[in-house]
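The data below hold one chain only, encoded as structure tokens and taken in the form predicted on its own.
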Amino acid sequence: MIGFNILLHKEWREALRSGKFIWLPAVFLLLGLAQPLTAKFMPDILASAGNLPEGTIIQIPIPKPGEVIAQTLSQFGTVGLLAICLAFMGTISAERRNGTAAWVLVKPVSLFAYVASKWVVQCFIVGFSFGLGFGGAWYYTYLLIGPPDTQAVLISAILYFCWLMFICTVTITASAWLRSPAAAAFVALGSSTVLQLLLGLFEDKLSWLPSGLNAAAMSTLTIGESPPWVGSIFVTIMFVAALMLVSVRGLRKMKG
């Protein structure tokens, strides 16, 4: 890939300058810490809210450690995905609009190197953010609720990160084809929502979808075992490779 190292260095500098290494990890860390704290202290929060009859006893069973971490993943799947799409919706489209992409692509660099450099940096930032938030949730769950099953936690983390990598790739592809960053974010969020809805409606037949990784990560934490996920891993890898080529095609169309 011609020019990959130079482009990778450019993307690192751009990520540092834009503050993505600060605010995106902060979002995931906040989400990761909030769930175990809420699960532990929700009865106290409700009791101190007032306007309750005298002598009222609030009994809310504290969820199991695995359930708390699964609820954290659920928060990552809503607020976290939104933050990812907003952070990277202009990965390519913004550079197309301000002319940076045209200036870079006239240099002796390959289109695939241009896309791959963005994908590597984006996946690293998302992985770092997810690891920080997930690690915070794991630690506070251990302190406040109890020790979760280590093997289940690690497996679920790997599966969910693969799902996030897929969403990163969709965001890049949408950004390569659409000139509007907002439209790219909408496509990425819409794609994740549709895939999860399809899995929910046809779970037995469509467990191989990339969204099956999300479901497998949740099941591993809540029931201690996950549905078969090897097929989802394979399909996700194929989708990522195909989307990268589609992104390159979008850039080639722009150049042409």
Partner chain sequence: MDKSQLIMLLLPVIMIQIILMVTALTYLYRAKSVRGKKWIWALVIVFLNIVGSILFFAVGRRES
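Numbering follows the first chain given and starts at 1. This one's a predicted model, so the numbers in the text were calculated from it and none came from an experiment.
FYI, the form predicted in complex with its partner chain isn't displayed, but the following is about it.
Undergrad: If contact means any heavy atom within 4.5 Å, which of 32-40, 64-72, 194-202, 214-222 contacts its partner chain in the predicted complex?
TA: It is 32-40 that comes within 4.5 Å of the partner.
Undergrad: Which of these residues, 158, 183, 144, 120, gets a heavy atom within 4.5 Å of its partner chain in the predicted complex?
TA: Here the answer is residue option 144.
Undergrad: Quick check: do 22, 26 and 86 each get a heavy atom within 4.5 Å of its partner chain in the predicted complex?
TA: Yes: each residue has a heavy atom within 4.5 Å of the partner.
Undergrad: Check residue 245 for me: does it contact its partner chain in the predicted complex (non-hydrogen atoms, 4.5 angstroms)?
TA: No, residue 245 stays farther than 4.5 Å from its partner chain in the predicted complex.
Undergrad: Examine residue 237 and determine whether its closest non-hydrogen atom to its partner chain in the predicted complex is within 4.5 angstroms.
TA: Contact with its partner chain, no.
Undergrad: Are any of the heavy atoms in residue 241 no more than 4.5 Å from a heavy atom of its partner chain in the predicted complex?
TA: Contact with its partner chain, no.
Undergrad: Considering non-hydrogen atoms and a 4.5 Å limit, does its partner chain approach residue 78 in the predicted complex?
TA: Answer no; every heavy atom of residue 78 is more than 4.5 Å from its partner chain in the predicted complex.
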